[in-house]
Each structure stands twice: as structure tokens, then as C-alpha cells.
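Take a look at this single chain, the form predicted alone, given in C-alpha cells.
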């Protein structure tokens, strides 16, 4: 009887662990890539970089300037992976520089995800 209860406890624990692991996947849309979030310290540095460096062309409020707006409305229909590539590799023939020397691809994806939600302020 004790062994049977122990097995039930293990099965219950395993089911909960699987449900917790699947939670982020359940909230992701089809085709979304789940990337690890930068540390909170790195997030603050990235927010500062986007507000200052990207803001120099896209406007300090990211509403547009020399570059197009980086608002949720402006980016809603743009594929995430295309935006990640633009951040990392820049755009040839435009003033958009590559940020790959300063950001990882996961960090670029984190930026795109935040931009599509409404970028945090500093």
C-alpha cells in the first residue's frame, strides 16, 4: 500500500513538472522562438542602448525619425526573425548599422519581443 501511494506521488509530481515546463510553450504562438531572457542587469543596459542608440535615428520615444517608428503598431505585422536579422546585421544601403558586435541574437530577439509589446522606459 505504501509503495502504491509512493508511485502515485511520483506520477503526480512528474505530471506537475511536465505542466510547468510546457507553460511557456503553451503561451508561445506558432513559429515563435523561445529565447532565454537576459539578466535584469543586462535588460537595463539593453533598454538604455535601445533608448539612446536606436532612439538617435528612430526617435527618442521610438515614434520614428530618420528611421521608421518602433512602436507595437508599426511592428505588428513584421516577422520577428526578420527584425532580429535587421538588428544583428543592419541594412545594407541604409544608415542602419549591425548591432551583432554588441548584442547576441537572443538579446536582439528579446528587444523585438519588447518592442512589439511596447518598449519599457529607462
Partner chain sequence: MLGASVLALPTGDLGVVIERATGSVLLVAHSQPRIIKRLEGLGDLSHASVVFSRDQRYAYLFGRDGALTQIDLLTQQVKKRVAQATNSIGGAVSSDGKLVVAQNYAPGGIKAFDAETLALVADIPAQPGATGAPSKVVGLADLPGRRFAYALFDANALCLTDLSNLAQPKTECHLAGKQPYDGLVSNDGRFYLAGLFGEDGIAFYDDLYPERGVQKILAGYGRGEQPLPVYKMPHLRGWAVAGDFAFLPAIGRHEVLVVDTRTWQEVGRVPVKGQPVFAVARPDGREVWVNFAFPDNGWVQVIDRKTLAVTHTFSPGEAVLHLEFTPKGDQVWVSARDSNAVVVYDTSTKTEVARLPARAPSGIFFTYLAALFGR
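Residue numbers count along the first chain shown, from 1. Model, not experiment: these values are computed from the prediction.
Keep in mind that the form predicted in complex with its partner chain is missing from the display, and what follows is about it.
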item	value
Interface membership of residue 56, its partner chain in the predicted bound form, 4.5 Å heavy atom rule	yes
Its partner chain contact in the predicted bound form: residue 95, any heavy atom under 4.5 Å	yes
Contact of residue 64 with its partner chain in the predicted bound form (heavy atom, 4.5 Å)	yes
Exercise: residue 37 in contact with its partner chain in the predicted bound form, heavy atom 4.5 Å	no
Within 4.5 Å of its partner chain in the predicted bound form: residues from 102-118 (heavy atom criterion)	102
